[in-house]
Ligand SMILES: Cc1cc2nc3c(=O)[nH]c(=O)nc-3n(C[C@H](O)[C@H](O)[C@H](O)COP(=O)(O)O)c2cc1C
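Consider the single chain below, provided in structure tokens and representing the form predicted on its own.
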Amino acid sequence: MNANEFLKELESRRSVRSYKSDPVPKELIERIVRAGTYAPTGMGRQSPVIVAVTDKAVRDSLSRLNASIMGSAGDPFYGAPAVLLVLADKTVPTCVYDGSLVMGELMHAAHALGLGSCWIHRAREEFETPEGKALLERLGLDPERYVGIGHCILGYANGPEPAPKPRKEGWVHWVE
């Protein structure tokens, strides 16, 4: 892929909020997760971890917990069958930035592979709850060490991706 094609891929990614129930092949998830591990991190510390969730019961549990935080009974994951949970080591000063870069890489990799994705917030709040901490412990992760950054939901879009919004005025300021 040349630079122009790459930039066009970046410009064409959209957040998808409606998914088919079709499972995402493990090979695609592995490629997306691998891309996430190449995100830049402060001083190369690689503080984030990615938890790939395809188990429906765990996915649904995360969805319920996330929905309860926002006071909803709906599915904040929009029916997406896979969730890539990004956590980061809270002892690292750049943990939130590091995890945010991982989230971006995951979403761009998903788009490049023909999948829809969306960043779902409230991960920090989820893993501050007793239920969230218990889930991290079951996964072998220290709940006192990690902070939730976000959920990258994945799946096949149920319909066309949304059209891009016009870029806002004043986004860029030049100092020459």
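Quick caveat: nothing in here was measured; it's all calculated off a predicted structure. Start at 1 and count along the sequence shown; that's the residue number.
There is also a form predicted together with this ligand; it is not shown, and the following applies to it.
(request) Specify the contacting stretch among 111-119, 128-136, 45-53, 23-31, defined as having any heavy atom within 4.5 Å of this ligand in the model of the complex. (result) Single hit among the candidates: 111-119.
(message) At 4.5 Å between heavy atoms, is residue 78 in contact with this ligand in the model of the complex?
(response) Residue-level check for residue 78: yes, a contact with this ligand.
(message) Could you pull out the residues of 1-29 that have any heavy atom within 4.5 Å of this ligand in the model of the complex?
(response) Heavy-atom contacts to this ligand in the model of the complex: 13, 14, 15, 17.
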